[in-house]
Ligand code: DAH
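Single chain ahead, written as structure tokens, the form predicted alone.
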Amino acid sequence: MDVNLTELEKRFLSELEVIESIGALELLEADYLGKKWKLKAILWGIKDMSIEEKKQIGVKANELKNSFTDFLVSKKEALKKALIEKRVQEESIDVTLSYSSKMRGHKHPISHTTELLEDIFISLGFKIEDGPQIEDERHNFDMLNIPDNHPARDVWDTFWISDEINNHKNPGEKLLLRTHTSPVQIRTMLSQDLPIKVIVPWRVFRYEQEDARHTCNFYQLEGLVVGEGVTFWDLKWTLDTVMKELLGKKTELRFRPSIFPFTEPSAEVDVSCQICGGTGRVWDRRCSMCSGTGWVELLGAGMVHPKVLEGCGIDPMKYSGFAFGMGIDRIAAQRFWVSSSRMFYQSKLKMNEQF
């Protein structure tokens, strides 16, 4: 009986050694340890042995069964590892390999214009700031001299956060999608030391009718300068320098008196239309960008209102400042000769592939 068990072990190990697949291994396992396993067939003759022989053979047969199981598990793990290594070799990709592509991506015109504006303002000594797109009423309106009962509130068609949230908040704490980046100016004056010289470019939201110059989601760049001896002349020089650098030396600026709650005095700033060259006509038709006037309103600007400075803890008798805001979408349309800023958001490849 011992001889049979020894021969069975040798035969098992010999067959195990040449197996190269998990399927063949499973067949071998069924052959030796399955319902009709070979070890069981040998042990049928144990019934004619003495009790002592039965004990000895039984122990050895059980050890042999455990040994077969360990060998099978070890072989299975080795086959799996080899299979993974083979697959890694066959399916490996050299990520450093260079290739030519006809469809290369590029920056969106608005991103390109934003970066151009940032570079120009940085060259003039400005820093870039940003703040939350979901603002509270206090920073978006109240601290900009636009209290709840102020008629200027009607100018901003606002996306308010749901009533389920705002109904439980106190006045000034209600949440909205920011209507301008001016709240970042407030946060900057509250947190930074003077002098301040920053720009704030990014996304803003207004619930308004869309046309060639208006969209409900657009990009705005605002600037703020606060320090001693800051004048309106500094504001005019800054905007004139930036617009000529951005749109060309022949670009003209026009300042018109206006009213903003957070600046005094205030001005609307127009630039000569780049689409029609300031003539108001394109191919014998009225220019849709400037509505045939030859001018496009790009900026609102003015000297920071003393109440705004005072609300931020800045002495308006000692310090002064100017602020301005411009629509990056409109500037991109002027720079790239796009007749409607809405086209930037329509994902039209015919237009986007030109940039």
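Keep in mind it's a predicted model, so treat the numbers as computed, not measured. One-based numbering along the sequence shown.
Unshown form predicted together with the ligand; subsequent notes refer to it.
For Arg138, no non-hydrogen atom is located within 4.5 Å of the ligand in the model of the complex, even though that partner is not displayed. In the model of the complex, the ligand sits beyond 4.5 Å of every heavy atom of Tyr219. Using a 4.5 angstroms limit between non-hydrogen atoms, Arg206 touches the ligand in the model of the complex. In the model of the complex, the ligand sits within 4.5 Å of a heavy atom belonging to His180.
Interface residue among Cys290, Val308, Ile328, Ala323, judged by heavy atoms within 4.5 Å of the ligand in the model of the complex: Ala323. The stretch among 260-268, 245-253, 159-167, 275-283 whose residues place heavy atoms within 4.5 Å of the ligand in the model of the complex is 260-268. Taking a 4.5 Å heavy atom cutoff to the ligand in the model of the complex, the contacting residues in 278-316 are Gly300, Ala301, Gly302.
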